[in-house]
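Below sits a lone chain in structure tokens, taken as the form predicted on its own.
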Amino acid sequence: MLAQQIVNGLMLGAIYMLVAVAFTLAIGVLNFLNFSLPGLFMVGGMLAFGLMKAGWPFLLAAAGALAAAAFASLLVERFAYRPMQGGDPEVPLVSSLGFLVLLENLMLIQYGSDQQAFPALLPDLNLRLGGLVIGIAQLISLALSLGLVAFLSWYLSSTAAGRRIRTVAENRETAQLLGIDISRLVPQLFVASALLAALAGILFAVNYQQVSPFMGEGVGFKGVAAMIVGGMGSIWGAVLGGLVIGLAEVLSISLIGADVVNISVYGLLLLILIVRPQGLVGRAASREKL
């Protein structure tokens, strides 16, 4: 039973991992905690559900949901982030929170407040290893999440575009002096983080077969917790943090009860902040940059 719950925790952690990496891209490069990302997570799951309900095949519905999330992220960048550059850093954060509320209410108007059942794409298709049961959809989600993060890490460290992003993360003024076009780079980062969050929402819907207009809130907060647990600004730290938060949630539900799951997760976050404020793989001197 314990081994099965560990497997389930790792599978849930794959969802938190993608959300945490999306937050890491925003705060690691732009120093901006983008609170619209939980809304984009929800857009991924809800729009995929809505388009499938309208008769679209899953792959087209998923592509449409990702495209809508990317477009919404460009609106966030244009109206919440760009006009506030050089001002108080709290203003873009509050503006992005407004986009979260807006996206939730748009989906609330369209689909109602009730939780909706997402179609089962791979019904009863499981992999059995000894006494463990692993859902094929969950296994695909974990492999896809790890593959995307590995590609992103390689892209940032081994390509010219990735080095430009790292330069902006280290020092924006220096990047401008080196001729890096930040006005083009920033929207691309917004789209990349939105695609990660929306993909996480689609994978969540496929794995747990449920969607709602408010599905992003709890996952978003746990994504932020995963980013902090792993280490601010570290992509692989976000991966580790997502897996740790997923394990903590599933094990606390199994061993203690569902009523105390948030106490367990955020209590773990508080404990790690007390013992190791920089996170599990963060640097003590300064925040690690991607």
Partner chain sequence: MSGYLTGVLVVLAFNVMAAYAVYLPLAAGQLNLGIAGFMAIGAYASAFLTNEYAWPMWVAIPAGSGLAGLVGLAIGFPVLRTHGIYFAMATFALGQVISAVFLNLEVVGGAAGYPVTDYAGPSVVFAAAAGVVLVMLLLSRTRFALYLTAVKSDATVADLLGVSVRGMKVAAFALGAMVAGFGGGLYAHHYSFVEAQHFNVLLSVFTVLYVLFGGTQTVWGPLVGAAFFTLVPELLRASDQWRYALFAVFIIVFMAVRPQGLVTTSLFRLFRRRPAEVSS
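No experiment lies behind these values; they were computed from the predicted model shown. Residue numbers count along the first chain shown, from 1.
Another form, the form predicted in complex with its partner chain, is not on view; read the next lines as being about it.
Trainee: Given that its partner chain is left out here, which of 228, 66, 52, 30 has a heavy atom within 4.5 Å of it in the predicted complex?
Mentor: Looking at the other structure, the residue within range turns out to be 228.
Trainee: Identify which of 232, 70, 240, 61 has a heavy atom within 4.5 Å of its partner chain in the predicted complex; exactly one of them does.
Mentor: By the 4.5 Å heavy-atom cutoff, the listed residue in contact is 232.
Trainee: Please tell me whether any heavy atom belonging to residue 224 falls inside 4.5 Å of a heavy atom of its partner chain, as the geometry stands in the predicted complex.
Mentor: Answer yes; at least one heavy atom of residue 224 falls within 4.5 Å of its partner chain in the predicted complex.
Trainee: Please check if residue 105 has a heavy atom lying within 4.5 Å of any heavy atom of its partner chain in the predicted complex.
Mentor: Result yes; residue 105 sits at the interface with its partner chain in the predicted complex.
Trainee: So, residue 98 and its partner chain: in the predicted complex, are they within 4.5 Å at any heavy atom pair?
Mentor: Yes.
Trainee: Please check if residue 109 has a heavy atom lying within 4.5 Å of any heavy atom of its partner chain in the predicted complex.
Mentor: Within the cut-off, so yes.
Trainee: In sequence order, which positions of 244-280 have a non-hydrogen atom within 4.5 Å of its partner chain in the predicted complex?
Mentor: Residues within 4.5 Å: 259, 262, 263, 266, 267, 269, 270, 273, 274, 275, 277, 278, 279.
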